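To begin, one chain is listed below as structure tokens, in the form predicted alone.
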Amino acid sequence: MKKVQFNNRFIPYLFILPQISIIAIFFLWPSAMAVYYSFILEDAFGISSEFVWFENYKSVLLDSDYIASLGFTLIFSVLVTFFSLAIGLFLAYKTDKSIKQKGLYRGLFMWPYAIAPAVVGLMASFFFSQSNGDLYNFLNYLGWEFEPKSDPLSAQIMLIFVASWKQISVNFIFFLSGLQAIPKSIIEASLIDCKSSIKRFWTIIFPLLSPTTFFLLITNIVYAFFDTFGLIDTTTRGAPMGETKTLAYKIYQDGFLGADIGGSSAQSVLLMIFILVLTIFQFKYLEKKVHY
């Protein structure tokens, strides 16, 4: 194979310059500015500023509203990740067994992924509307006093349900691709060695899906932390009583609506550190259980 050589040593750097520029402009520069502003306290009009060291971080960590948002974000992320992965895997496993209608199922289950989170939020607002929402009327007909406008638990369950529904489709298509990539010889051998379909799935099939599961675990956590912003903004907007605010949405409320640049920047830095630690934990400990 012939190797490509450049006469000028700066030409290779010229080819990667656009990508480096994008990373610097849209990630490194905003991150550096967030760190800088997290140590700054500005007046209400943004005219003067004062370097206050870690006072913004102290105020954030002692804020009960921030602690409540942190708790909801963790519970929300865990439940959305679990339900979307579990249902996506179940649908993929059942679809993989269906030979005649496999293409039809694949197309139908992929439709929700094409819908933007903000549009999903608008759809949820109609379905759970107190005036004419079908799901609202159905849940209240069953005897559950479902009131997402006033009851925090109802609003949280609504968000978890809608956010999970949005992500099921992408999990489904990845799991289905992973199931179809398993050699048929292994499946045929497992039918001889293990008669129980449930045991065969958890001991043979699911371990072979571990690379796909690990990848989807990371993407679903990132989705729950960040990509549900549009969903929350078009449904609850953190209400009622601020019980449905994720950390990302609280940064938006404090920074853009509340004009608290220092506090919101400190929250951004804390969220960035938290995601970094979580990612390191996933790759250091969970990846060891992945069988490639």
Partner chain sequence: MLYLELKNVSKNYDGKNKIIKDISLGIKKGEFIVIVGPSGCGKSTLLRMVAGLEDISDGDIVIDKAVVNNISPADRDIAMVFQNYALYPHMNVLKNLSYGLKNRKISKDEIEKRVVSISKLLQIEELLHRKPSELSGGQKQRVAMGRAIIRKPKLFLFDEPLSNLDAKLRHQMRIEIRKLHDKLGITSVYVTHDQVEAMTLADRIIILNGGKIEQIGTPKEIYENPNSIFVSKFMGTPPMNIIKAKVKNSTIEIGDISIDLKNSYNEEYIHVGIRAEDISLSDFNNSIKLRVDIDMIEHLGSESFIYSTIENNPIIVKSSEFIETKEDKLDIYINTKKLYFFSDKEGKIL
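Remember, it's a predicted structure, so these values are computed and weren't measured experimentally. Numbering follows the first chain given and starts at 1.
Not pictured, yet referred to below: the form predicted together with its partner chain.
Of the residues S154, T73, N137, S190, just one reaches its partner chain in the predicted bound form with a heavy atom at 4.5 Å or closer; this is S190. Note on contacts: among A116, A86, C194, M110, the single residue with a heavy atom within 4.5 Å of its partner chain in the predicted bound form is C194. Only one of 195-203, 138-146, 157-165, 77-85 places residue heavy atoms within 4.5 angstroms of its partner chain in the predicted bound form, namely 195-203.
Taking the partner from elsewhere, A181 is found to have every heavy atom lying beyond 4.5 Å of its partner chain in the predicted bound form.
Although the partner is absent here, P211 lies well away from its partner chain in the predicted bound form, with no heavy atom inside 4.5 Å. Although the partner is absent here, N132 lies well away from its partner chain in the predicted bound form, with no heavy atom inside 4.5 Å. Residue contact check for V222: none of its heavy atoms lie within 4.5 Å of its partner chain in the predicted bound form.
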